[in-house]
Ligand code: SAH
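Just one chain follows, in the form predicted alone, and it is written as C-alpha coordinates.
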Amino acid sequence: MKWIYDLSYEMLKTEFAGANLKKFTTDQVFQWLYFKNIQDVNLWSNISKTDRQFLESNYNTSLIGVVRATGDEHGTRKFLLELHDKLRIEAVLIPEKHHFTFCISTQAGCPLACRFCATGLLGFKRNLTAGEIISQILVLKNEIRYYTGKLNIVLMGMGEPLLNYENLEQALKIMTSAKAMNISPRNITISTSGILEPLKRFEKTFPRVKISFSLNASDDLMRETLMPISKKEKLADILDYFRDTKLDRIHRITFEYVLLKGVNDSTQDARKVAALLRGIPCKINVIPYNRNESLPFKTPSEQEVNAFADYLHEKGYTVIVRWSKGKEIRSACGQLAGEE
(Lines give C-alpha, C1' and ligand atoms only; values in the text may rest on other atoms or scores of the structure.)
Protein backbone atom coordinates (compact mmCIF):
# COMPACT_ATOMS: atom_id res chain seq x y z
CA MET A 1 0.00 0.00 0.00
CA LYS A 2 1.42 3.40 -0.98
CA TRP A 3 1.83 6.21 1.54
CA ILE A 4 -0.21 8.95 -0.11
CA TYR A 5 1.85 11.88 1.20
CA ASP A 6 4.86 10.77 -0.83
CA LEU A 7 2.91 11.21 -4.08
CA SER A 8 2.83 14.52 -5.90
CA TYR A 9 -0.30 15.96 -7.50
CA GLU A 10 0.87 14.77 -10.93
CA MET A 11 1.61 11.25 -9.64
CA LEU A 12 -1.82 10.90 -8.06
CA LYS A 13 -3.54 12.30 -11.12
CA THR A 14 -1.85 9.70 -13.31
CA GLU A 15 -2.70 6.85 -10.96
CA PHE A 16 -6.31 7.94 -10.59
CA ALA A 17 -6.70 8.22 -14.37
CA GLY A 18 -5.38 4.68 -14.71
CA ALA A 19 -8.00 3.51 -12.22
CA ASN A 20 -10.78 5.33 -14.13
CA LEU A 21 -11.53 7.76 -11.29
CA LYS A 22 -13.10 11.07 -12.26
CA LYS A 23 -10.71 13.82 -13.39
CA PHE A 24 -11.47 16.06 -10.41
CA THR A 25 -10.77 13.34 -7.81
CA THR A 26 -7.16 14.44 -7.37
CA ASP A 27 -8.31 17.94 -6.45
CA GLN A 28 -10.80 16.51 -3.95
CA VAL A 29 -8.22 14.24 -2.35
CA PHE A 30 -5.68 17.07 -2.05
CA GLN A 31 -8.31 19.26 -0.40
CA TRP A 32 -9.14 16.60 2.20
CA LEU A 33 -5.50 15.76 2.89
CA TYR A 34 -3.84 19.14 2.93
CA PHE A 35 -6.43 21.87 3.32
CA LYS A 36 -8.89 20.12 5.66
CA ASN A 37 -6.24 17.84 7.19
CA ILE A 38 -8.64 14.87 7.45
CA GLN A 39 -6.94 11.49 7.33
CA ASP A 40 -10.03 9.24 7.56
CA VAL A 41 -11.06 8.42 3.98
CA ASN A 42 -14.58 7.52 5.17
CA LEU A 43 -15.15 11.19 6.03
CA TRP A 44 -14.39 12.39 2.50
CA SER A 45 -18.07 13.04 1.86
CA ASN A 46 -17.91 14.48 -1.67
CA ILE A 47 -16.21 11.34 -3.02
CA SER A 48 -18.36 8.35 -3.93
CA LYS A 49 -18.41 5.29 -1.67
CA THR A 50 -16.91 3.13 -4.44
CA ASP A 51 -14.03 5.56 -4.96
CA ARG A 52 -13.46 5.84 -1.19
CA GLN A 53 -13.18 2.05 -1.01
CA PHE A 54 -10.60 2.14 -3.82
CA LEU A 55 -8.62 4.85 -2.03
CA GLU A 56 -8.73 3.08 1.32
CA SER A 57 -7.57 -0.18 -0.26
CA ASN A 58 -4.65 1.33 -2.17
CA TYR A 59 -3.33 4.26 -0.12
CA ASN A 60 -2.20 4.75 3.45
CA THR A 61 -3.42 8.16 4.65
CA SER A 62 -2.11 8.02 8.24
CA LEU A 63 0.43 10.60 9.40
CA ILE A 64 3.78 9.87 11.03
CA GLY A 65 3.43 8.87 14.67
CA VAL A 66 3.83 11.14 17.67
CA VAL A 67 5.96 9.43 20.33
CA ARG A 68 5.81 12.30 22.76
CA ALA A 69 5.00 16.01 22.93
CA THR A 70 6.76 18.24 25.47
CA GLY A 71 5.75 21.81 26.29
CA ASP A 72 7.09 24.76 28.24
CA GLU A 73 5.33 27.51 30.17
CA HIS A 74 5.35 29.83 27.13
CA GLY A 75 3.43 27.42 24.90
CA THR A 76 6.35 26.14 22.80
CA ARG A 77 5.87 22.42 22.09
CA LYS A 78 8.41 19.91 20.83
CA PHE A 79 7.22 16.73 19.11
CA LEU A 80 9.24 13.53 18.98
CA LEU A 81 8.03 11.77 15.82
CA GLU A 82 8.61 8.23 14.63
CA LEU A 83 8.99 7.33 10.96
CA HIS A 84 7.96 4.06 9.34
CA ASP A 85 11.45 2.58 9.80
CA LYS A 86 11.52 3.56 13.51
CA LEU A 87 13.93 6.46 13.02
CA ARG A 88 12.95 9.49 15.07
CA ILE A 89 12.94 13.18 14.28
CA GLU A 90 11.74 16.31 16.03
CA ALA A 91 9.51 19.23 15.03
CA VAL A 92 8.61 22.31 17.08
CA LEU A 93 5.45 24.41 17.38
CA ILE A 94 6.18 27.98 18.52
CA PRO A 95 3.40 30.45 19.44
CA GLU A 96 4.22 34.01 18.39
CA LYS A 97 2.37 37.21 19.17
CA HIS A 98 0.15 37.16 16.08
CA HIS A 99 0.87 33.78 14.47
CA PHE A 100 2.40 30.33 14.90
CA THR A 101 5.78 29.14 13.64
CA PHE A 102 6.47 25.51 12.77
CA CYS A 103 10.11 24.37 12.83
CA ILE A 104 10.38 21.37 10.49
CA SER A 105 13.12 18.78 9.90
CA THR A 106 14.33 17.66 6.46
CA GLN A 107 16.74 14.86 7.40
CA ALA A 108 17.05 12.23 10.13
CA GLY A 109 20.29 13.31 11.72
CA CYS A 110 22.65 15.55 9.78
CA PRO A 111 25.86 14.92 7.80
CA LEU A 112 27.41 18.36 8.39
CA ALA A 113 28.63 17.83 11.98
CA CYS A 114 28.67 21.51 12.97
CA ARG A 115 30.61 21.61 16.23
CA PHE A 116 28.00 23.56 18.21
CA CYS A 117 24.87 21.65 17.07
CA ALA A 118 23.33 18.68 18.90
CA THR A 119 21.87 17.27 15.68
CA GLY A 120 25.37 16.93 14.29
CA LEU A 121 26.26 14.51 17.08
CA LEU A 122 23.78 12.01 15.66
CA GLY A 123 25.50 11.63 12.32
CA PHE A 124 23.46 11.18 9.18
CA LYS A 125 20.71 8.56 9.02
CA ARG A 126 18.84 9.41 5.81
CA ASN A 127 16.93 12.07 3.91
CA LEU A 128 13.27 12.51 4.75
CA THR A 129 10.78 11.88 1.97
CA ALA A 130 8.53 14.69 0.76
CA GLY A 131 5.68 13.06 2.67
CA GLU A 132 7.68 12.96 5.91
CA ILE A 133 8.41 16.68 5.59
CA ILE A 134 4.77 17.51 4.85
CA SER A 135 3.44 15.15 7.50
CA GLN A 136 5.22 17.12 10.24
CA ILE A 137 3.26 20.22 9.27
CA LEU A 138 -0.04 18.31 9.33
CA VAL A 139 0.75 16.82 12.75
CA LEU A 140 1.45 20.29 14.15
CA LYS A 141 -1.63 21.76 12.47
CA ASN A 142 -3.73 19.14 14.26
CA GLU A 143 -2.54 20.69 17.52
CA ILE A 144 -4.09 24.04 16.56
CA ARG A 145 -6.94 22.63 14.47
CA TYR A 146 -9.28 25.62 14.79
CA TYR A 147 -6.63 28.25 14.13
CA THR A 148 -7.03 29.90 10.71
CA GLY A 149 -4.46 32.70 10.86
CA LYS A 150 -0.92 33.08 9.60
CA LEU A 151 1.55 30.20 9.72
CA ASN A 152 5.32 30.56 9.37
CA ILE A 153 7.15 27.44 8.21
CA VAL A 154 10.86 27.39 8.95
CA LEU A 155 12.88 24.48 7.58
CA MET A 156 15.41 24.84 10.38
CA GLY A 157 14.98 21.56 12.25
CA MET A 158 17.18 18.52 11.90
CA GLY A 159 19.31 18.31 8.75
CA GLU A 160 20.51 20.45 5.83
CA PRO A 161 17.54 21.09 3.50
CA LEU A 162 19.60 21.62 0.34
CA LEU A 163 21.18 18.17 0.66
CA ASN A 164 17.67 16.75 0.27
CA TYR A 165 16.76 18.88 -2.71
CA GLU A 166 14.30 16.73 -4.69
CA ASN A 167 12.14 15.89 -1.68
CA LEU A 168 12.34 19.47 -0.43
CA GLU A 169 11.13 20.73 -3.81
CA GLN A 170 8.16 18.35 -3.89
CA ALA A 171 7.21 19.23 -0.31
CA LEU A 172 7.39 22.98 -1.01
CA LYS A 173 5.13 22.61 -4.04
CA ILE A 174 2.49 21.01 -1.82
CA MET A 175 2.96 23.66 0.89
CA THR A 176 2.49 26.54 -1.55
CA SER A 177 -0.11 25.06 -3.94
CA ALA A 178 -3.59 26.60 -3.86
CA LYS A 179 -4.88 23.04 -4.31
CA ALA A 180 -3.13 21.90 -1.12
CA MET A 181 -1.86 23.86 1.92
CA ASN A 182 -1.89 27.27 0.22
CA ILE A 183 0.88 28.70 2.42
CA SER A 184 2.41 31.87 1.04
CA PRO A 185 6.06 31.38 0.00
CA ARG A 186 6.79 34.64 1.84
CA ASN A 187 5.95 32.79 5.07
CA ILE A 188 8.45 29.98 4.43
CA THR A 189 12.16 30.09 5.26
CA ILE A 190 14.86 27.53 4.60
CA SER A 191 18.01 27.53 6.68
CA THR A 192 21.21 26.41 4.98
CA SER A 193 24.87 26.10 5.83
CA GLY A 194 25.61 26.98 2.22
CA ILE A 195 25.52 24.30 -0.48
CA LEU A 196 26.05 26.63 -3.40
CA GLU A 197 24.85 24.82 -6.54
CA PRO A 198 21.50 23.62 -5.10
CA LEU A 199 21.13 27.06 -3.50
CA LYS A 200 21.31 28.69 -6.93
CA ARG A 201 18.76 26.21 -8.29
CA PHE A 202 16.51 26.73 -5.29
CA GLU A 203 16.38 30.51 -5.64
CA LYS A 204 15.42 30.21 -9.32
CA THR A 205 12.64 27.73 -8.54
CA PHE A 206 11.34 29.38 -5.35
CA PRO A 207 12.28 33.08 -5.57
CA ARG A 208 9.75 34.13 -2.92
CA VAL A 209 10.90 31.67 -0.25
CA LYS A 210 13.25 33.28 2.25
CA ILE A 211 16.87 32.19 2.69
CA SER A 212 18.54 32.04 6.10
CA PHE A 213 22.29 31.42 5.88
CA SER A 214 24.22 30.01 8.85
CA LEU A 215 27.32 32.21 9.03
CA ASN A 216 28.48 31.70 12.64
CA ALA A 217 32.07 32.83 12.08
CA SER A 218 33.95 35.98 11.19
CA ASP A 219 36.52 34.42 8.86
CA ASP A 220 37.22 31.32 6.77
CA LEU A 221 39.47 29.53 9.24
CA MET A 222 37.05 29.90 12.14
CA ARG A 223 34.12 28.75 9.99
CA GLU A 224 36.02 25.69 8.74
CA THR A 225 36.71 24.78 12.36
CA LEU A 226 33.12 25.24 13.52
CA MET A 227 31.42 24.05 10.33
CA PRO A 228 33.43 21.45 8.37
CA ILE A 229 31.23 21.91 5.27
CA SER A 230 33.06 25.23 4.81
CA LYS A 231 36.19 23.35 3.74
CA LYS A 232 34.30 22.27 0.62
CA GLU A 233 31.76 25.07 0.19
CA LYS A 234 33.96 28.15 0.49
CA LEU A 235 32.50 31.10 2.37
CA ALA A 236 33.90 33.61 -0.13
CA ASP A 237 32.13 31.88 -3.02
CA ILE A 238 28.79 31.92 -1.21
CA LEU A 239 29.09 35.56 -0.15
CA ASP A 240 30.11 36.55 -3.69
CA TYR A 241 27.01 34.79 -4.99
CA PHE A 242 24.77 36.67 -2.54
CA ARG A 243 26.49 39.94 -3.43
CA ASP A 244 26.39 39.47 -7.22
CA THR A 245 22.73 38.39 -7.40
CA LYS A 246 21.30 41.02 -5.06
CA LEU A 247 19.32 42.81 -7.80
CA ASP A 248 17.43 39.60 -8.66
CA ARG A 249 16.48 38.67 -5.09
CA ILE A 250 13.04 39.48 -3.67
CA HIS A 251 14.00 39.16 0.02
CA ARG A 252 17.08 40.20 1.89
CA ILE A 253 19.28 37.32 3.01
CA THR A 254 19.15 36.60 6.73
CA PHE A 255 22.53 35.75 8.21
CA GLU A 256 22.35 33.60 11.34
CA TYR A 257 25.23 34.04 13.76
CA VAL A 258 25.35 31.78 16.83
CA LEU A 259 27.41 33.52 19.50
CA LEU A 260 29.82 31.20 21.32
CA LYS A 261 31.47 32.67 24.41
CA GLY A 262 35.18 33.29 23.86
CA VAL A 263 35.09 31.84 20.35
CA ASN A 264 33.33 34.22 17.95
CA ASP A 265 31.78 36.91 20.14
CA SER A 266 34.42 39.63 20.38
CA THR A 267 34.24 43.17 19.04
CA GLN A 268 36.98 42.18 16.60
CA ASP A 269 34.71 39.38 15.33
CA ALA A 270 31.86 41.87 14.93
CA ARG A 271 34.20 44.15 12.95
CA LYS A 272 35.13 41.27 10.62
CA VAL A 273 31.48 40.30 10.13
CA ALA A 274 30.60 43.86 9.20
CA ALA A 275 33.33 43.81 6.56
CA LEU A 276 32.40 40.33 5.27
CA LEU A 277 28.79 41.25 4.57
CA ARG A 278 29.41 44.67 3.04
CA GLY A 279 27.43 45.09 -0.16
CA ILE A 280 24.88 42.35 0.58
CA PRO A 281 21.31 43.51 1.36
CA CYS A 282 20.70 41.53 4.52
CA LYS A 283 19.66 41.35 8.12
CA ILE A 284 21.58 39.59 10.88
CA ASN A 285 20.09 37.34 13.54
CA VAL A 286 22.43 37.18 16.52
CA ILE A 287 21.64 33.98 18.45
CA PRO A 288 23.19 33.41 21.87
CA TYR A 289 24.34 29.78 22.03
CA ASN A 290 21.81 27.36 23.52
CA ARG A 291 23.63 25.16 26.02
CA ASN A 292 24.10 21.43 25.40
CA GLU A 293 25.83 19.31 28.05
CA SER A 294 27.44 17.13 25.37
CA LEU A 295 29.24 20.08 23.79
CA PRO A 296 32.04 22.28 25.20
CA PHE A 297 30.65 25.72 24.32
CA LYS A 298 29.20 28.37 26.64
CA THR A 299 26.67 31.18 26.23
CA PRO A 300 27.95 34.79 26.30
CA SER A 301 26.50 37.17 28.85
CA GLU A 302 23.67 39.49 27.86
CA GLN A 303 26.15 42.40 27.97
CA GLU A 304 28.49 40.60 25.55
CA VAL A 305 25.61 39.72 23.23
CA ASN A 306 24.35 43.29 23.16
CA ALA A 307 27.85 44.71 22.55
CA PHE A 308 28.26 42.45 19.51
CA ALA A 309 24.83 43.36 18.13
CA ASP A 310 25.25 47.07 18.84
CA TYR A 311 28.51 47.22 16.89
CA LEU A 312 26.85 45.72 13.79
CA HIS A 313 23.88 48.02 14.20
CA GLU A 314 26.17 51.05 14.34
CA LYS A 315 27.69 49.88 11.04
CA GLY A 316 24.28 50.16 9.41
CA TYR A 317 23.04 46.57 9.61
CA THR A 318 19.57 45.46 10.66
CA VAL A 319 20.29 43.27 13.67
CA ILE A 320 17.92 41.14 15.75
CA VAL A 321 19.06 39.42 18.93
CA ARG A 322 17.15 36.15 19.03
CA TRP A 323 16.99 34.65 22.48
CA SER A 324 15.61 31.26 21.49
CA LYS A 325 12.33 29.95 22.82
CA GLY A 326 12.01 26.40 24.08
CA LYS A 327 15.45 26.05 25.71
CA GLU A 328 13.89 24.40 28.77
CA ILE A 329 12.56 21.53 26.61
CA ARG A 330 15.64 21.38 24.36
CA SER A 331 13.76 22.62 21.31
CA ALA A 332 15.77 25.76 20.62
CA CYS A 333 18.25 26.44 17.83
CA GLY A 334 20.91 23.73 17.72
CA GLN A 335 19.28 21.51 20.36
CA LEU A 336 17.16 19.09 18.29
CA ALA A 337 18.51 15.55 18.52
CA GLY A 338 15.56 13.17 18.19
CA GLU A 339 15.79 12.41 21.90
CA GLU A 340 13.79 9.83 23.81
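Start at 1 and count along the sequence shown; that's the residue number. Nothing here was measured: the structure is a model prediction, and the numbers come from that model.
Beyond the structure shown, there is the form predicted together with the ligand, which is absent from this document and is the topic of what follows.
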| item | value |
| --- | --- |
| Of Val209, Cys117, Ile94, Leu140, the one that lies within 4.5 Å of the ligand in the predicted complex (heavy atoms) | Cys117 |
| Candidate from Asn164, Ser135, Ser230, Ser191 lying within 4.5 Å of the ligand in the predicted complex - any heavy atom | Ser191 |
| Among 309-317, 37-45, 286-294, 52-60, the region lying within 4.5 Å of the ligand in the predicted complex by heavy atom distance | 286-294 |
| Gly131: touches the ligand in the predicted complex, heavy atom cutoff 4.5 angstroms | no |
| The ligand contact at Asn216 in the predicted complex, heavy atom, 4.5 Å | yes |
| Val258, heavy atom within 4.5 angstroms of the ligand in the predicted complex | yes |
| Residue contact check: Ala108 to the ligand in the predicted complex, 4.5 Å heavy atom | no |
| Residues within stretch 156-170 having a non-hydrogen atom within 4.5 Å of the ligand in the predicted complex | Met156, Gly157, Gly159, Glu160, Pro161 |
